[in-house]
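One chain is shown next in structure tokens, namely the form predicted alone.
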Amino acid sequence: MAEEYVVIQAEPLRAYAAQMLEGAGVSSERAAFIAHTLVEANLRGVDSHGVQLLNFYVEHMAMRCMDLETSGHVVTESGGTMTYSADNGIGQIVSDVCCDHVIRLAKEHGVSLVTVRDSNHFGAAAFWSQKIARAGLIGVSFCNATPLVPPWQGKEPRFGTNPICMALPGAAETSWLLDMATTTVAMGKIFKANFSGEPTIPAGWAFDSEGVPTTDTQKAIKGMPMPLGGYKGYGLAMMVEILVAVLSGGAMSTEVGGVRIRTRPMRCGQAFIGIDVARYMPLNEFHARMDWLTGNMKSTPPSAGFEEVLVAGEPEWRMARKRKVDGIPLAKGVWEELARTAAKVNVKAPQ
């Protein structure tokens, strides 16, 4: 049976999300910004990192597991490098500040790296890489997260989905943009299947609690997502952990909490890199070279069953253009869960 959806335009969805965050105690300015970051993910079709996260954020805030007012502080700064303490602040607020530092330092030194400790969930990594890219830089972002993923050949979780994201400077909605978890899918997709009442998920997404591959949604919820490409995904996840946790002096592996662990602060780590393209070549030359490379990929004859070859970011840009006109479809189960969360903070769902 086809899944039912509620379709809503981006602007009222942003307002609804902001009201929920204000109801949870977030200032109006911060609430509006966080809501914007979440709806941007929905527009791009990355619903696992869109407004459905409010179900976890609001509960986490209600448990007083994060500081809603701090913006964190600089621990050390040297050349193009910085260590930043989030002081348990809201992930999006801290990330916005840190990306400003990355841009400033990259413009001064050519390349910059800001690594962050004691932070909280920052939404979709793409938002932050794009913010850096809009300043004419190559933007890279990473984070660790709630330990839900086993190391290769293990059956107990040790890592989060630990995403890797890179964005290039260029015109909005056309630039190459890679945003990927180091698991087969983000855990949010499994939670979306659960919210939507889907009994099964595709093969290759998850293990059950014993480390056995499963397609049962409920077993997957109680189990673990699969590393991307087996031992290769495990290696990438550990690489991210080194950059965001070992290097920052923050919580590592099983020391990290999460939006689904309400007994302690999340304490996740993040890292942001800025590379000033103009230090290597004029931006217009860089764009011309990227156009050639992209065109070379897309000129490849498609294999059987496919109509064209795509590049990273292209499906999401197409989805964004469509959803800005047609509205954002949210699975009925997700919408109902949002309504229940909103009711807890005395916010009414829009009609």
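Every value quoted in this text rests on a predicted model; they were computed, and no experiment measured them. Superpose the two forms; the largest set of C-alphas matching within 1.5 Å is the rigid core. Note that residue numbering follows the sequence shown and begins at 1.
There is also a form predicted in complex with another copy of the chain; it is not shown, and the following applies to it.
Chemist: Would you mind picking out the stretch of 75-83, 120-128, 192-200, 90-98 that comes within 4.5 angstroms of another copy of the chain in the predicted complex, counting non-hydrogen atoms?
Modeler: Going through the listed ranges, the match is 75-83.
Chemist: Within 4.5 Å, heavy atoms only: does Lys232 come near another copy of the chain in the predicted complex?
Modeler: The answer is yes: Lys232 has a heavy atom within 4.5 Å of another copy of the chain.
Chemist: Val259 near another copy of the chain in the predicted complex, any heavy atom under 4.5 Å?
Modeler: Output for Val259 is no: heavy atoms all beyond 4.5 Å of another copy of the chain.
Chemist: Determine whether any heavy atom of Ile221 comes within 4.5 Å of a heavy atom of another copy of the chain in the predicted complex, and answer yes or no.
Modeler: The answer is no: Ile221 has no heavy atom within 4.5 Å of another copy of the chain.
Chemist: Report whether the minimum heavy atom distance between Gly250 and another copy of the chain in the predicted complex is within 4.5 Å.
Modeler: Because a heavy atom of Gly250 falls inside 4.5 Å of another copy of the chain in the predicted complex, the answer is yes.
Chemist: Can you pick out, from Arg264, Arg279, Arg104, Arg134, the residue that has a heavy atom within 4.5 Å of another copy of the chain in the predicted complex?
Modeler: Selected residue: Arg279.
Chemist: Taking another copy of the chain in the predicted complex, which residues of 141-162 have any heavy atom within 4.5 Å of it?
Modeler: Heavy-atom contacts within 4.5 Å come from Pro151, Trp152, Gln153, Gly154, Lys155, Glu156, Arg158, Phe159.
Chemist: Is the shift of Asp276 between this form and the one not shown large enough to count as movement, that is, does its C-alpha move by 2 Å or more after the core is superposed?
Modeler: No.
Chemist: Rigid core fitted, then: does Asp96 show a CA shift of 2 angstroms or greater between this form and the one not shown?
Modeler: No, the C-alpha position differs by under 2 Å between this form and the one not shown.
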